[in-house]
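For reference, the chain that follows is the form predicted alone, supplied as structure tokens.
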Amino acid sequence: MKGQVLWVFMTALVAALFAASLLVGPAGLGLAESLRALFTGQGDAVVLVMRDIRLPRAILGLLVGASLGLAGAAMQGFLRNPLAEPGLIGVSATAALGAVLALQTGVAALFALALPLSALAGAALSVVLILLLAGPRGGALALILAGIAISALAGAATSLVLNLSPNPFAAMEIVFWMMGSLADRSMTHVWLGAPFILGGMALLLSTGRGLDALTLGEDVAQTMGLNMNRLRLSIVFGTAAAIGAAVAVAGAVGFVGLVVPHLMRPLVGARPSRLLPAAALGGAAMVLAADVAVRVIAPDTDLKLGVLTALVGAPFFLHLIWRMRREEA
């Protein structure tokens, strides 16, 4: 798909899915009634549904999906590894651990923002640990190994909390939260997560030219004036801010950051600077579509967003691996 046609198509797709996220739901509201309530504020009950339930859900779907797709493309470009994904540096696991501790200790019940703030604190902890383990000048291998170690430790700590939980209801709430969902989110979650997500995405988008140079090899890129230390820190901080905030407000939504860059790469060519915005649009489209699907497939059951993205993303990824294997044969 050529240049401007791709951007127009993807932008239109995301806009259509955003509109669908606003208009689809179990309440069974009419189109005219929904739009009137959203834009004019007429109709108390309908305004509550549109502005306080569906609008923040649609905005978070857009932001979370875009951040996951963008961070996945940036990580794959920096590490030059097609299996890289946003959680590779441990951000998702430590953010989840922070949220789990807030749920288990009861802090999340004290005030509404305790859970997302705890998750953000966990994401910040991952950055500190990455810089301590890999060092500010550590290479790609050191970054991968440090991220794997942090993810494993955070995952083990999360499992330990679940294992020792004396309250089965708290354990069930933790398990459901870790499946990922955009249900029951408010504009408060949007205002909390949006600055971190948008700031992280801006930082990741600024690495496009550096990632283009890195495709020629690290030594060649450095002779072209690329500051590897600055690029590495931009990737780490941008991913931590965007993905940490995404996990904080939506829980763990898997496979988006892994699959979407692979789906978009054939459409934009080999240049990471073109893939980054395309993956952001692709990620937003995938999460918005999945969030609409969970409402259509099981309107009376709380089907989790992360479950559906994994069910859809894993077969796509297996197909991509099979296709790559056939091309290499």
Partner chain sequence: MTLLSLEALTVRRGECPVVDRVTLTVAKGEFVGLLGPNGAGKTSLLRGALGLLPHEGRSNLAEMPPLQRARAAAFLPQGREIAWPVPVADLVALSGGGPAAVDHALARMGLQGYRRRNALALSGGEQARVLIARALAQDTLLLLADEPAAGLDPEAQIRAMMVFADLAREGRGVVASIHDLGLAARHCTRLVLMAKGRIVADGAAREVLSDTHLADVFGVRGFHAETADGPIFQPLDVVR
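Positions refer to the first chain, counted from 1. The shown structure was predicted, so the numbers you read here are calculated from the model rather than taken from an experiment.
Beyond the structure shown, there is the form predicted in complex with its partner chain, which is absent from this document and is the topic of what follows.
The closest heavy atom approach of Gly139 to its partner chain in the predicted bound form falls outside 4.5 Å.
In the predicted bound form, its partner chain lies within 4.5 Å of some heavy atom of Gly217.
In the predicted bound form, its partner chain lies farther than 4.5 Å from every heavy atom of Ile297. Put simply, Gly77 is close to its partner chain in the predicted bound form: some heavy atom of it is within 4.5 Å. A heavy atom within 4.5 Å of its partner chain in the predicted bound form is found for one listed residue only; from Ser206, Ser159, Gln222, Asn229, this is Gln222. Residues with any non-hydrogen atom within 4.5 angstroms of its partner chain in the predicted bound form fall in just one of 268-276, 286-294, 31-39, 56-64: 268-276. Heavy atoms closer than or equal to 4.5 Å to its partner chain in the predicted bound form belong, across 80-113, to the residues Arg80, Asn81, Pro82, ordered by sequence position.
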